[in-house]
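Given next, in structure tokens, is a single chain: the form predicted on its own.
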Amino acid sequence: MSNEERSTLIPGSALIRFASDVLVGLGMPEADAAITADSLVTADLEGSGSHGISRLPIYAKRIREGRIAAQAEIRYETAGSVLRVDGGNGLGQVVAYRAVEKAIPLAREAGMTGIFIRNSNHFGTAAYFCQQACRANMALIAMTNSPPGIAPWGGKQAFFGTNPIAFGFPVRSGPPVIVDMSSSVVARGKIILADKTGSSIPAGWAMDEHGAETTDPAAALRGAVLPLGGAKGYALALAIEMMCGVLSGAAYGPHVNNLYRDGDPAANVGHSFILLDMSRWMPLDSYYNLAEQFIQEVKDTPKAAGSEAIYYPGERRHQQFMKRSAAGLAVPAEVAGELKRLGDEIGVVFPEGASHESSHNGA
């Protein structure tokens, strides 16, 4: 199949308004809808389309069914430097954002805060919350579990989620350092998006339900995603499951229910965050000076043959964001059609855009 696909070029701001209006139409408070819409479209703008606005229709479906609460009653419980959160079965973007927001003053007081969240849902990209912390001059380690996607090493049946982990560190002049990676070879959302758009997936991403490698996304979704780095990725997924499922009191492994599977009860996803106020270790100016020197030394490392530049994690993400913010997002035709139908059902007009030929680089 060709890498080129029909798409519609739409300004990111218009997509944010559309997504926010849809969520408000489903009963979500405006402020919470704005957080969710911004998270989704920011993911698209940064090149993480598997966690972008293509997720809106399934969110809407589950909110309508009552499987996700449009108006979540989030409950907080503090114990020293620990913040325990019951997400009230709200959308993960809202639950996680509010939890980090609540933890920032706690971290300023204690130096660091451990945040453990249960009873939540898919929260989009972990990078989004790292950026939130960086804006407050804080660093963040973010983790979440997810429905089964990775088999235990040596097994063929999915047990652990693709369980991402992210690190965010603020930088004085430039985008923050953001390391955001799943413990699988690829985020499962990319396979979901490939299945939705009728694309094949590369070899080495997944195996089918019989344990054989596959390039068919539908077969991969019935099977398992391969762990990053073999047994190392499996071990990482297990550790994140301990942090997000066991320590938070949320569901773990095969007990995390799948947003995309009809008939499942609430997902009970768990998230875990470690928020650090660097000013408790050193003056902020000292931190920023050291970080700036460190990054410059990394970038000044002699380049390999054929390499034009050395980028630090988060730099390309920011470049993509700026480029697409200016040019607009190339939304695949299948995704645009699904979003338009959703808007029609709720009474929200999907924004018009220009026709575009893309190489899977849009939403």
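Position 1 is the first residue in the sequence shown; the rest follow in order. On a predicted model such as this, the values are computed, not experimentally measured, just so you know.
Beyond the structure shown, there is the form predicted together with another copy of the chain, which is absent from this document and is the topic of what follows.
In the predicted bound form, every residue of the candidate spot (A79, P152 and V185) has a heavy atom lying within 4.5 Å of another copy of the chain. Among heavy atoms of P57, none comes within 4.5 Å of another copy of the chain in the predicted bound form. Residue contact check for K303: one or more of its heavy atoms lie within 4.5 Å of another copy of the chain in the predicted bound form. Remark: T113 counts among the residues lining another copy of the chain in the predicted bound form, judged by a heavy atom distance of 4.5 Å or less. Remark: G328 does not count among the residues lining another copy of the chain in the predicted bound form, judged by a heavy atom distance of 4.5 Å or less. Only one of the listed residues (I310, A333, M322, A31) places a non-hydrogen atom within 4.5 angstroms of another copy of the chain in the predicted bound form, and that residue is I310.
Judged by heavy atoms within 4.5 Å of another copy of the chain in the predicted bound form, the contact stretch among the candidates 258-266, 95-103, 120-128, 281-289 is 281-289. In sequence order, K156, Q157, F159, F160, I165, F167, F169, V177 are the residues of 156-177 having a heavy atom within 4.5 Å of another copy of the chain in the predicted bound form; the partner itself is omitted from this view.
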